[in-house]
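Listed next as structure tokens is one chain, alone, in the form predicted alone.
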């Protein structure tokens, strides 16, 4: 079977029109170059060059083979460059999962940066709640997640990448909108509260519960739902009020008003970037440098 070196030698001779010119081009002497081409012809099974006292030129079969040789060498070079770019993390695929709220904070700037800095890396984006992200990471179905307070499970690594406070979502015209200043948690606890599902949205459920527990208040929860957009829909329908991450206030629903709430910590809600520590995807490693 012929080698890439033999193809390189044949192409050089065919393009230069002589073994001497090809040898100079390849920085080698003529005898080994001549042996390479002869061996190539034996492997192919036909004469590829017509030798004459002034040099060499391709035979009819050699002209056809020359085109194929050029394509093979170009493909080999392309494969080499692609392998290097994959190893460097500048080519490949990164599968990213995100929660609805992280899409409002971290995902947009990160995805925009990755698209600009790593244009040959394909991003596959999927919305998942935190629990689903953990399962998908452990199963190797995604590379990285933007999650809320994920469980500490080997071999997952988590890095906090954003934090924010919470605001109060109320139906338009709600009595709390008539307060002269910001609402307090005591004001909020006096009204029916829509909150998060304890299993499907564990982190936000526990965050809201902790806020009221630390204030020694016991609110009246009327609905538990998994997604923040569902929370807002129920608030807009007049079923209650809800504490939501501050970034949610960028979602302008015609039936919902957002109010500031005193005595909630500035960093009550956090977004974590989560990935498997044993994930050997070079594109992921490069992507993580931009988070």
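Being a predicted model, the structure only gives us computed values, none of them experimental. Numbering follows the first chain given and starts at 1.
This protein has a second form, the form predicted together with the DNA, left out of what is shown; the following refers to that one.
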Only one of 32, 238, 265, 60 comes within 4.5 Å of the DNA in the predicted bound form by heavy atoms, so just point that one out.
32
105, 113 and 123: each with a heavy atom within 4.5 Å of the DNA in the predicted bound form?
no
is_contact(residue 222, the DNA) in the predicted bound form, heavy atom dist at most 4.5 Å
no
Is residue 18 part of the interface with the DNA in the predicted bound form - any heavy atom within 4.5 Å?
yes
Evaluate residue 27 for contact with the DNA in the predicted bound form, applying a 4.5 angstroms cut-off between non-hydrogen atoms, and reply yes or no.
yes
Would residue 70 count as a contact of the DNA in the predicted bound form, using a 4.5 angstroms cut-off between non-hydrogen atoms?
no
Candidate stretches 228 to 236, 37 to 45, 243 to 251, 60 to 68, one within 4.5 Å of the DNA in the predicted bound form by heavy atom:
37 to 45
So which residues in 33 to 59, when you check the DNA in the predicted bound form, have a heavy atom no farther than 4.5 Å from it?
34, 35, 36, 38, 39, 51, 52, 53, 54, 55, 56
